[in-house]
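Have a look below at one chain only, the form predicted alone, in C-alpha cells format.
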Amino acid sequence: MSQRDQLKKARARKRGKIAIILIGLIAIYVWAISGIEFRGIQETAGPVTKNILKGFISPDWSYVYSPDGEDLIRGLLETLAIAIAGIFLSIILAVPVGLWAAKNLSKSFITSQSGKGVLSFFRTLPDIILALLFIKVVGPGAFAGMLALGIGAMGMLGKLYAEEVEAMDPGPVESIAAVGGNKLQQLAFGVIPQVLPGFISATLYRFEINMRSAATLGLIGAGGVGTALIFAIQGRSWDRVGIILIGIVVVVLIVDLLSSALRKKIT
C-alpha cells in the first residue's frame, strides 16, 4: 500500500470519528430538547418585559441611599461582607485539606485520594442547596449565606491548592530534609514560599465567584442585596429592580477588575 493510500485511509478514519461524534452530540441535544415542555409565551410577557426595560432606563435613584432604613448601598455592603467572610472561611478549611490531597506531600496513594474525595464531595454541593440547609440550621440572614459560600468554595479552592502544591519544584523541600529539617520546616520554608502566589491567585478568582453567588443567595433569604431584589420583583417594583441590578453589575465589575489586576501582578 502506497503512502498516498495510507493518508487517504487515515483521513477517512478521522472523518468517520468526527461524524460519529457529531451524530452523538446531535442525538444528545435532541434528547435534551425533547424533555422540555414548552407551553408558549404568556400573554403578560410583553408588558412585563416592557416594564423591566423601563426600570433599567428610569431606575429608582432614591433607593441608592436612605439614612432612615434599607437602601441599595447597605445591601451591596452586606453582600460584599458575605463574600469576604465566606472566602476567609474557605481559606481556613481549604488549606489543610488541599495539603492533605496533594499526592507529593502524602505518604501513600490512599491518603491523597481520600483528601481528593473529600474535596470532590464538597464540590458537588451547590451554594443554593447549602444556603437552604444553613437557613434551617441558623435561620435566614447573612450568617447562613456566609456559611454556604465558605463551605461550598472549600472544594474548589482545596482542589486548586492541591494542584498548585503538586506542580511545585521538589528541590527546596528535599534540600531542607537533607540538612535535618522536620516536616513543619519543610512546609514553612520549602512549600509555602513556592505555592503562595498560586494560592493567592486562586483565592482571588474564587472571590469573584463568591461575589456573584452572594448576590443571588439573598433570593432565598441568605442575606445580601438579593433579598431586596426578590421583594422588588414580587412587588413588581421594576424601577427598584432596575437600580438593584445596576448596582450589582457595577460592584461585580469593580471586584472583577480589581481581582484581575491583582492576579496579573502576582503572576
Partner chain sequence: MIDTKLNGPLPAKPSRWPFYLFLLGLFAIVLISAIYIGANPITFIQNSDNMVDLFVRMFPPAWSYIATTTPAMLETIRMALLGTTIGMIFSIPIMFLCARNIFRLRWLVELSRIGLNILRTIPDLLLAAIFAAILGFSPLAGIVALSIFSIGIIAKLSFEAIENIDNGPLESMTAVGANKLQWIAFGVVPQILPHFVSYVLYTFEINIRAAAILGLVGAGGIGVFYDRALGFFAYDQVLALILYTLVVVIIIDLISLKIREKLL
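Positions refer to the first chain, counted from 1. Please read all numbers here as calculations on a predicted model, not as lab measurements.
Not pictured, yet referred to below: the form predicted together with its partner chain.
*Asks:* Using a 4.5 Å heavy atom cut-off, state whether Trp238 contacts its partner chain in the predicted bound form.
*Replies:* Within the cut-off, so yes.
*Asks:* With the partner left out here, check for me: in the predicted bound form, does some heavy atom of Ile233 sit within 4.5 Å of its partner chain?
*Replies:* Flag for Ile233 set to yes.
*Asks:* So in the predicted bound form, does Ile248 come within 4.5 Å of its partner chain, heavy atom to heavy atom?
*Replies:* Yes - in the predicted bound form, heavy atoms of Ile248 and its partner chain come within 4.5 Å of each other.
*Asks:* So in the predicted bound form, does any heavy atom of Trp31 sit within 4.5 Å of its partner chain?
*Replies:* Yes, Trp31 lies within 4.5 Å of its partner chain in the predicted bound form.
*Asks:* Enumerate the residues of 119 to 138 that have a non-hydrogen atom within 4.5 Å of its partner chain in the predicted bound form, in sequence order, or give none.
*Replies:* Residues within 4.5 Å: Phe121, Thr124, Leu125, Pro126, Ile128, Ile129, Leu132, Leu133, Phe134, Lys136, Val137, Val138.
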